[in-house]
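There is one chain below, alone, in structure tokens, taken in the form predicted on its own.
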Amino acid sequence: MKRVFSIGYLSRVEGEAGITAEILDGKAVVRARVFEAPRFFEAFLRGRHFSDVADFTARICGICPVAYQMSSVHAMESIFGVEVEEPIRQLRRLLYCGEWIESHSLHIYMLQGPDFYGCESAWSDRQYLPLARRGLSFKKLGNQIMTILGGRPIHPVSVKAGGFFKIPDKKTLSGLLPDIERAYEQTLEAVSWAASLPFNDNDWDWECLSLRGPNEYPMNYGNVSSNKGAEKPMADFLEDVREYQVAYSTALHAEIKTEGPRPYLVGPVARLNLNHDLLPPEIKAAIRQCGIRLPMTNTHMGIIARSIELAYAFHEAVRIIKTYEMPGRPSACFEPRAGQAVWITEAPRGMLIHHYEIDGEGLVKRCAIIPPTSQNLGHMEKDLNHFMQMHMGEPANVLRKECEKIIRSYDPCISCSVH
């Protein structure tokens, strides 16, 4: 007996995609069909000056432009041998906090949250509106951080190789502290709310990857670490990754090609599983009090991981603002030179890989960008197949709804995946 169902357009995800599912002879096959048009960013960056790259790549995504800027400027600085001052490093981390705040808030409260309340959208049920308003208040603070540091909340314009075009004074940043401290307390309490939500039984064993450094929860620095025991420098990790095209999607997929090709997971669940020991004591205590068990083995619980990271981003923003001292200049001086480098930073959705080769005139000869959603697509399909295999006897409307929930738990950014 053969059963087939599909979802033409997924709702509450960024971009255009659907799924098809087929059950035949006791075996389920689910495919995520991305049909948004590719935009070929890597191709039109070739031949452009390195100073254009941060602004151009930021246009790949309106939700995580900072991630694209950070991966690109760190790669350029690695090529040119640039070391930024500690205050600049901390300001970049604060800018990243702003992006994590606005992105995680959007996903937790507007995209995935309604799934747990049987809502079609964040606005379709009056009882859900307080949660939607809470999420928007958090997102507004993330946007304010990005505006002060980046010049505007979407596609910031102040980031450059070597630092910033312009940096804020301490008084301006300190003006945000009362609201950020209040939001931190609220997000710390919200971890308990996320942990209390009902989750399906979709636990299984998989490989997760994230950056990991010795002293801080990862954003801009670290080696690539795996829950299976491997750890590699950024440049060496790229040699282990293979991007490939599937016939039914405009987005590339990625897999680990060593020791047998296999999909892997990046993003908040992976970061939390591999770095929870680096969280502040207050957040660790909240995790214990809620009975959250780590490592997580159910991707549907991504909303818990994002809630924990949202609290962490506010906590880190408070720390950085309180200790911030303006550097002597907004950016380091350097001379461009030929070379190549790989750099990875942790976008809200996971590791964002950039690889650039620059010639002696400072022009881009080659570049490759592997977004987190592209890396997650193969794993997401395997996740869907795992769930379908266990529940294939359920009615099609139930399977369709549960598959949508699993996809949304990944917070896929389809527009990034077809860059």
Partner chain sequence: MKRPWIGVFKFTSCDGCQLSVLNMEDELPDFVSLFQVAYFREAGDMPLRGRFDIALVEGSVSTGWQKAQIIEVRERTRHLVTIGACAAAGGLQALRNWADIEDYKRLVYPSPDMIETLPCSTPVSDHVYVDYELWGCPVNCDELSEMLGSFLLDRKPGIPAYSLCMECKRKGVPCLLVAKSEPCLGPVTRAGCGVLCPSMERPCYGCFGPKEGANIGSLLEAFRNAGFSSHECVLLLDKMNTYAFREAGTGEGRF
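Model, not experiment: these values are computed from the prediction. Residue numbers count along the first chain shown, from 1.
Missing here is the form predicted together with its partner chain; even so, the following discussion is about that form.
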I180, C119, A190, I88 - the one with a heavy atom within 4.5 Å of its partner chain in the model of the complex: C119
The unique member of R152, K170, K232, K228 whose heavy atoms fall within 4.5 Å of its partner chain in the model of the complex: R152
Among 286-294, 268-276, 154-162, 336-344, the region lying within 4.5 Å of its partner chain in the model of the complex by heavy atom distance: 154-162
I19 within 4.5 Å of its partner chain in the model of the complex, heavy atoms: no
is_contact(K405, its partner chain) in the model of the complex, heavy atom dist at most 4.5 Å: no
is_contact(C61, its partner chain) in the model of the complex, heavy atom dist at most 4.5 Å: yes
Any non-hydrogen atom of K166 within 4.5 angstroms of its partner chain in the model of the complex: yes
Within 4.5 Å of its partner chain in the model of the complex, all of G15, L106 and M110 (non-hydrogen atom): yes
Residues of 5-42 having any heavy atom within 4.5 Å of its partner chain in the model of the complex, listed in sequence order: Y9, L10, S11, R12, V13, E14, G15, E16, F35, E36, A37, P38, R39, F40, F41, E42
